[in-house]
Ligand SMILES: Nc1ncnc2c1ncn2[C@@H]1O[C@H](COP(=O)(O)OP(=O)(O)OP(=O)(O)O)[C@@H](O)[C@H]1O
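Read the single chain below, which is given as structure tokens and is the form predicted on its own.
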């Protein structure tokens, strides 16, 4: 069964794309055929894997305008078993272009039904907003991972995305499962980080991943070299964290068949 995974948080700078790239790579290295869909107009997931900026007609925007062409869009990366549908600035036009379409929140679901026949896992890196692109991703997915940084503004954003997820599950996508909340860029020696983590755990303990992604400069450096953390610094704390996250996600899937 193909897993369709959205990695989303309307707040930027929380490690969303870092998680999308390295979780996708971890799943690919485990032997699964993985597709990473870059829905962020900035295209950071794509460039972080060494791919040049895509032309609009070959980018993720095509999934919304011509979903039947989805099978022609994946591009092979240098990571074995990992493919990407690249992000581009043309995604910025989707909000206005689809505004009056009756199925505007379900376009990506049509494309993903095609992609599900080609890949065992499809990971969607959402933009930092709860706009049309993210709503499409949530309607197309069966699994949601929410990265958050341990700071106070994270609580407000987390509550909002969980509310939207509940509404989508009730209205248009009952298959959407909350895979979990992932603490990223965590610094246990920082008092504020520990306080925020404790607060999140108090409210959402069952939804929080056991794995925590520590703040590690190697994770940022890896992106600048267009490499995954497993290639750039395989013995780093960040690499160990993302190995553990990959294992935890796979364990969840094996117990929720």
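Positions refer to the first chain, counted from 1. Everything quoted here is computed from the prediction, not taken from an experiment.
Not on display, but discussed next: the form predicted in complex with the ligand.
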task = Tell me the stretch among 189-197, 29-37, 208-216, 65-73 that has any heavy atom within 4.5 angstroms of the ligand in the predicted bound form.
result = 208-216
inquiry  = Within 4.5 Å of the ligand in the predicted bound form - does that hold for a heavy atom of every one of 2, 24 and 246?
reply    = no
ask   = Are any of the heavy atoms in residue 12 no more than 4.5 Å from a heavy atom of the ligand in the predicted bound form?
value = yes
ask   = Is residue 137 close enough to the ligand in the predicted bound form to count, meaning some heavy atom within 4.5 Å?
value = no
request  = Answer for residue 91 alone: is it within 4.5 Å of the ligand in the predicted bound form, judged on heavy atom distances?
outcome  = no
task = Although the ligand is absent from this view, report whether residue 157 comes within 4.5 Å of it in the predicted bound form, heavy atoms only.
result = no
key: 112, 161, 185, 181 - the one with a heavy atom within 4.5 Å of the ligand in the predicted bound form   = 185
Stretch 123-158: residues contacting the ligand in the predicted bound form, 4.5 Å heavy atom cut-off = 128
